[in-house]
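Let's start with one chain on its own, the form predicted on its own, as structure tokens.
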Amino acid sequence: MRLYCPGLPGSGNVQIGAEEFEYAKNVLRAKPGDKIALFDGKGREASGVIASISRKDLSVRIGETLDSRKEPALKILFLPAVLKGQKMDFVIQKATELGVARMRPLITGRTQVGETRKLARWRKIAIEAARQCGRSFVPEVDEPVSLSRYFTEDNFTENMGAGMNGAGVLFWEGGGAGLKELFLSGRLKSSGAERISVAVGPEGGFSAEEVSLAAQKGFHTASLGPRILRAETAAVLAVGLVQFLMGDMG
């Protein structure tokens, strides 16, 4: 049993927030005396025991600090184009499970959504996915930004952009090297890389102008093969392959 607890104290008792309380009570059927693990989403975990549970409150007695080994050394900044409806929910969930460190949704020229009010929902999905897969960190999900603005921001390189102790890869169905080719050629390195930015386009893909802008900022253009994939499939596959070649999968 595992619950999200922001502001997790080092000792004593802690009250569990409303959403996690509902999950513990109605889904996990928690009861006093049950052992539980708590995580704060920022790297801290602790064991605990449910001290009391009522109709509205759940209190946990904090135990010992837990050592989590499920965070990859490679920090992935994921730049997915905003997708419609549940497709984006799916991408946020799976990217969290795959270990990305941060997500910066992009609004591109072919994005079918010009603006969104779902940021709070996406952050909740990231919390739930981190809880499920055993991560001690919840990836940050930033406010969506236009692709052109992202690549021209003053803090671009500080914001885990390409060229900052890592690299950037933009996946494009219009061409580019295979990811394995980039890896074997040494343009992407598995040793010593601390960060990598991974950009995946919307339905319809990136435009040639957007690809050119990314290349100017140090991004490598890569292909996911000869078949045209759905945007949500491409997003999950791209992160998974990067983790396989450079991270902690495989």
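Only a predicted model underlies this, so the values are computations on that prediction, with no experimental measurement involved. Residue numbers here begin at 1 and follow the sequence given.
Heads up, the form predicted in complex with a small molecule isn't pictured, but that's what we're talking about next.
A heavy atom within 4.5 Å of the small molecule in the predicted bound form is found for one listed residue only; from A214, A222, V60, V198, this is A222. Stretch 170 to 178 is the contacting one of 127 to 135, 87 to 95, 145 to 153, 170 to 178, since its residues have non-hydrogen atoms within 4.5 Å of the small molecule in the predicted bound form. When the small molecule is considered in the predicted bound form, V239 lies well away from it, no heavy atom lying within 4.5 Å.
Contact check for I16: every heavy atom lies farther than 4.5 Å from the small molecule in the predicted bound form. Heavy atoms of P202 reach within 4.5 Å of the small molecule in the predicted bound form, making it an interface residue. By the criterion of a heavy atom within 4.5 Å, F39 is excluded from the residues contacting the small molecule in the predicted bound form.
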